[in-house]
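As structure tokens, the next two blocks hold two forms of the same chain, structure 1 and structure 2.
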Structure 1
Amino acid sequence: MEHKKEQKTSATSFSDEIRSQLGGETITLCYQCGTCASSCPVAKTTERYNPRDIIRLSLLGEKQEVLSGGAIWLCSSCYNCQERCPQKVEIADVIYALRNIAIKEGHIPNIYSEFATGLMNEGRIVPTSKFVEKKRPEYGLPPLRPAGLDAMKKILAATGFDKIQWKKEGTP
């Protein structure tokens, strides 16, 4: 009995945590029909990803498995699942919510550290190219305007984005 009670508590607390994140609000509407998985281009390609499984595991409170298992990073953000969900679960947004929690808990794939570094240094996630920039006049393109790095830095400080411990770690 004690064991069951404990499980229920961890399941409820993880789904509450997800629901309190931007994008995670609708997760508990899921009734596991699988329309998401059958609409998913990634699930059709690899067994490493299945949106229905991610939602089920989340609702069961399997927090560590969901956050560190790597599957949440395989969503291609195409929103097909979200368009078709009969329960109006905002599945792609739920995945973002799970990723946001994972990042806060230190599960950061290398490529995301690179995006964050680009943003903090240049205000852009794809760095400009000196080669292309030099050639702009040749193609009749005006000089590239400066990125609003000052405003960006103030925004990143206000949300705590710049305090996230960006680190290189093995891809989970």
Structure 2
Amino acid sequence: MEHKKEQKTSATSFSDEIRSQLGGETITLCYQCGTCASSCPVAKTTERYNPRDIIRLSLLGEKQEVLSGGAIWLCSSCYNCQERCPQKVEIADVIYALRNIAIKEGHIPNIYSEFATGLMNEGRIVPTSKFVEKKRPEYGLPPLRPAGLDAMKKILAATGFDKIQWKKEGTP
């Protein structure tokens, strides 16, 4: 009895947390019809991603499973789910809200933390190698312009992006 009460409190607090995030406001409107999953191109290619399951687990309070499971990072942001949802659940936006919570709690795939580090240090997600710079003229491409690191740093500071502690996945 006490365990069920704790589960309900946990479910309520996690769904409240999601609803308090920009984009997460509509999650509790979901009644699990599955329209999102049936219209999702990613769900058609992998069993690792199912928006209906992510929302169900979120509403059940399975916070750690949702945030650390990795599925939330597979959404392609095509918005098919959101456009077809009969309950007007903003599913893609809910996924963004979940990603934001995951980042705040240190659950971010290594590739995204590497992209963030590249942005903050070089102004580009992927550094440009000397080899690529040398090959560009051979393909008729102009030299790359500087990334504008100062402007990038101002943008990252204005959005708070520079204050996020990037933890490597699997580290405490």
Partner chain sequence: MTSYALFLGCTIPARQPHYEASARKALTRLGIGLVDLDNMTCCAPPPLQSIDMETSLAIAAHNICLAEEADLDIVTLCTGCFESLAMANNLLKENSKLKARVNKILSNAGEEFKGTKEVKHYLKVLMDDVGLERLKKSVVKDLSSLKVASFSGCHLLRPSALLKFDDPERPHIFDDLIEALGAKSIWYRNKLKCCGGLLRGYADDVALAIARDKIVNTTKAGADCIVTLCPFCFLTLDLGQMLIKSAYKEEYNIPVIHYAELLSLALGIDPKELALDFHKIRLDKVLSKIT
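Numbers given to residues start at 1 and step along the sequence of structure 1. Remember, predicted model here, so these are calculated numbers, not experimental data. Note that the rigid core is defined as the largest set of C-alphas that superpose within 1.5 Å between two forms.
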Open item on the list: Quick check on the two chains I just loaded: which one is the form predicted together with the partner chain, 1 or 2?
Closed with: 1
- [ ] Once the core is aligned, please say if the CA of Ser20 is shifted by at least 2 angstroms between structures 1 and 2.
- [x] no
TODO: Would you tell me if Pro137 moves between structures 1 and 2 by 2 Å or more at its C-alpha, with the rigid core held superposed?
DONE: yes
Task: Core superposition between structures 1 and 2, C-alpha change of Gly106 at least 2 Å - done: no
TODO: Quote the shift of the Cα of Pro146 between structures 1 and 2 to one decimal place in Å, the two forms being superposed on the rigid core.
DONE: 8.5
Task: Cα displacement of Ile155 between structures 1 and 2, once the rigid core is superposed (Å) - done: 5.3
